[in-house]
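As a starting point, one isolated chain is supplied in structure tokens, in the form predicted alone.
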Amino acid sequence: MVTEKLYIVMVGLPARGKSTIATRLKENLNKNHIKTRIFNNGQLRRQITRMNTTTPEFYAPDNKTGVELRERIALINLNRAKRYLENNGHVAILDATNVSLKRRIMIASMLKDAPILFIECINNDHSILEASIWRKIMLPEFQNLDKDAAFESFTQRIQYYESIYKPLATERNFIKLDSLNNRILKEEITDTIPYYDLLRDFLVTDTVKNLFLIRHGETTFNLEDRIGGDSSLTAKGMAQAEALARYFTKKKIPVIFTSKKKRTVQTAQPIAAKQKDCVIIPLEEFNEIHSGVCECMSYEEIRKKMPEVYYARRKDKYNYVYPGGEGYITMKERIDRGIKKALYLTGGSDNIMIIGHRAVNRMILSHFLYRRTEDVPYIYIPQDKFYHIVATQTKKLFQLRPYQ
């Protein structure tokens, strides 16, 4: 029977993925029969106060009323966490910014009945931070503000936290985590930390509960066997998009990621229209392979006009790079980056949808499913079916499913 106890204290500026990491840690630990509960300061603040806490001034370090309320909330959750471990709980996760050294000293002084592991979430990718803020302001607490005002308010809130931010350095047990790339930047472990191997493995593993990977509908270029470009959907392609929309009406899809190309956005629009509060986020990382001098040509035109390109690529399709363009091998870095962005921005969402292209979707599949590199360019990516992917520490599922 598990008897070991542990406090996990999240650390980091707002919109750095702390709550996402906390939620997934909880789910993973519970699946391993380790009783875990999250004590989130933000949720408690919204429950117990009628004060307007959307204004950035509430988070100003010199706002005595705001500081006192936040300290009271922190103490309530600390005491709740202690009681949880004193009873039948095994792991208590304290989910808050905890960016000041003063706050962390207070936490360490109060929680002496079990080891403390601090996890600092770091992400300095400005484009991801901006997108994450836009997602944050969809919360009910910002409903009384227009989107631009809410964005400005949350940005100012972050700046106030930055003014008191002291990164982890002297704490007895800590992990500094690149929360976008699931990479441990630094770790310092002085005490024996229960479940440490399990926790560490989870922090560096890409996990997705349900990823629906879809290829865009039929385009005019598909009919002409042309590659690349930015062609639009045909009537059949639009019908395929509508069929997808009907298929997914019973599933909650909060975000649809597409490329920057028209054909993927056009495929996403009918799906989003049948969802509640669904956002389409185009990412250039999911753009189709750029074929350089061969862009917009048909394969038959390439064979006739550029036989050296045609046959060299057939000989080693994965490693071949189009003159002035890309190859599968050079796409890998940006595709991996796009996957990381999608997982980060969706937080703990059960369902994620990516609408991409044939080569792009092959690379996304290979990210989760082991394939020899030479076989990746031949993975089957039809336009009338989609892949359902589950990838966790305990389960791997890959299904090719029809939607009509």
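Here the structure is a predicted model, which means the values were calculated and not measured. The numbering used is simple: start at 1 and walk along the sequence shown.
There is another form of the same protein, the form predicted in complex with a small molecule; it is not shown, and what comes next is about it.
Trainee: Between the options Asn77, Asn222, Asn182, Ser153, which residue brings a heavy atom to within 4.5 Å of the small molecule in the predicted bound form?
Mentor: That would be Asn222.
Trainee: Select from the listed residues Gly228, Pro115, Pro270, Pro254 the one whose heavy atoms reach within 4.5 Å of the small molecule in the predicted bound form.
Mentor: Among Gly228, Pro115, Pro270, Pro254, a heavy atom within 4.5 Å of the small molecule in the predicted bound form occurs only for Gly228.
Trainee: Give a yes/no on whether Gly66 approaches the small molecule to within 4.5 Å in the predicted bound form, heavy atoms considered.
Mentor: No - in the predicted bound form, heavy atoms of Gly66 and the small molecule never come within 4.5 Å of each other.
Trainee: Heavy atom to heavy atom, is Ala359 within 4.5 Å of the small molecule in the predicted bound form?
Mentor: It does: once the small molecule is placed as it appears in the predicted bound form, Ala359 has a heavy atom within 4.5 Å of it.
Trainee: Considering non-hydrogen atoms and a 4.5 Å limit, does the small molecule approach Arg157 in the predicted bound form?
Mentor: The answer is no: Arg157 has no heavy atom within 4.5 Å of the small molecule.
Trainee: Do Tyr328 and the small molecule come within 4.5 Å of each other in the predicted bound form, heavy atoms counted?
Mentor: Yes.
Trainee: Between the small molecule and Arg263, Tyr299 and Arg313, in the predicted bound form, does every residue show a non-hydrogen atom at 4.5 Å or closer?
Mentor: Verified in the predicted bound form; spot residues all in contact, yes.
Trainee: Counting only heavy atoms and a 4.5 Å cutoff, which of 118-126, 238-246, 98-106, 283-291 contacts the small molecule in the predicted bound form?
Mentor: Among the listed stretches, the partner-contacting one is 283-291.
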